[in-house]
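Given next are two forms of a protein chain, the same chain in both, each as structure tokens and marked structure 1 or structure 2.
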Structure 1
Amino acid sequence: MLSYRPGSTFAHRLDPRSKLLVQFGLAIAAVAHPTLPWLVGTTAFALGTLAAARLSPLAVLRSYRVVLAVLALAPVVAGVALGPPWFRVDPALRSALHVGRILPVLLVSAAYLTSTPVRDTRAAVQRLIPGKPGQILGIGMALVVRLFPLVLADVREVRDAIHARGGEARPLRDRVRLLAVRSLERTLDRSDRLSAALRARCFAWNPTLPPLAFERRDYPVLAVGIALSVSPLVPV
């Protein structure tokens, strides 16, 4: 599972605000330009961000294997026809091109998650969005980043427990129901424990956040993020 890993890579040394801007700009560029050259370019750029964080592309793809498997179904479904020729290539290729735009966004997100502490993300959000909305959004992002890997681990544990008890012999519907119910129970229980822990530790809406400051290496990254963000306005 992708989560923060301490390090001294180029991506680790960047200000989180510049990294957020690059993510935002890449997502805009990928969605605004559904063409093969732009897909190749954004994917190459995303691979560069993985190199900056010293991440293996294969390891990142394995972490996203469930998401990628779901996305891979879209071209197949788009190409299926109810009559001869039963499968149409052109709609499948168009769907694959549109689905492919999500891949570079996922890769850049992986580089960000592994190179940015959760507290820095919250500090960046609250500085970019002032007031109570920024506090709520920052807290929400921090909780999601911390809890999502734990929720996925709970789901895997429930799945393994079902298999260990001979669940593979059950009908698929029963296995899905058991997995959903038990996973939801664990998630709700974890939410209750989190709520109690926040109260016990005197949770503060506006704690002292780590200081953030742009350095010289951040300015080229900011320029790239801005260029990607305004790329839809540039005639091709």
Structure 2
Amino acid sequence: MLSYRPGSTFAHRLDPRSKLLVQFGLAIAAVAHPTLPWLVGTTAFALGTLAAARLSPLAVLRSYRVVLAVLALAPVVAGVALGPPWFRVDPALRSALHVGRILPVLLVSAAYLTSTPVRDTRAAVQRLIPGKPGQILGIGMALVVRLFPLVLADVREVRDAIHARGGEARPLRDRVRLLAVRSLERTLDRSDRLSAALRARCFAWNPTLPPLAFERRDYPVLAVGIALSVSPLVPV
């Protein structure tokens, strides 16, 4: 699977906002003109982004093999006819061209994924979306990334517990209901605990702390504090 790899390539050194813009821009450009020259141009650009991230195109294609295999079925489905000649070339070619437009989008996406840590995208979202919505989405993204492995472990544990009790023999409807109920209960319990933890930590819209400055009266108090801290060193 494609995921962030630390590095110092040209792509790694770019600001995530500019990389996001390139991704969205290429996605729009790629689907704008379903013609072969345009497809060649956008694919060449996408290969350039892979070079900027020092990624092997073959390795990227291997990572996307399931997606590409399913997409490759589309021209076949489009070409099949229910009567003679049983397969029509024109719709199949048209579909192949449409599917081909997605390839550069996948390649650029791979360059972004491997060169950008999740926290950078979170920071970009928080800066690009002003005010409270940006804060909610930024903090929310960080928390989802943190909690996803725990919730996944919960769901797997519930599934394994159902299996251990012979759940595979039960009707599908019962198995799914049990899995949904138990997973949801655990998830909502986690939500309650997270909610209490955030409130206990004064979760605020303006979390930046107010500026601190020592006044004259603070110094003697500071001296007392230091003295108390080193007091165990003084032999009594």
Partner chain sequence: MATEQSVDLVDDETVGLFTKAVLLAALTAALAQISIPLPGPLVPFSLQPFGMFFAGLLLGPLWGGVALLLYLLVGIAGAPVFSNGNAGIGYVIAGQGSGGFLVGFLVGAVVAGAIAHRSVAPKPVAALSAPVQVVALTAAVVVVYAIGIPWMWFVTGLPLTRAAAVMAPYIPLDLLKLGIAVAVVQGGYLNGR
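Residue numbering: structure 1 sequence, from 1. Keep in mind that this is a model prediction, so the values were computed, not measured. Throughout, rigid core stands for the largest set of C-alpha atoms superposing within 1.5 Å between the two forms.
- The first of the two structures is the form predicted on its own.
- Core-superposed comparison between the two structures: the C-alpha position of residue 56 differs by less than 2 Å.
- Core-superposed comparison between the two structures: CA of residue 162 displaced by 2 Å or more.
- Comparing the forms between the two structures, the C-alpha position of residue 105 differs by less than 2 angstroms, with the core used for superposition.
- Look at residue 176: with the core superposed, its C-alpha moves 14.4 Å between the two structures.
- Relative to the superposed rigid core, residue 145 shifts its CA by 7.3 Å between the two structures.
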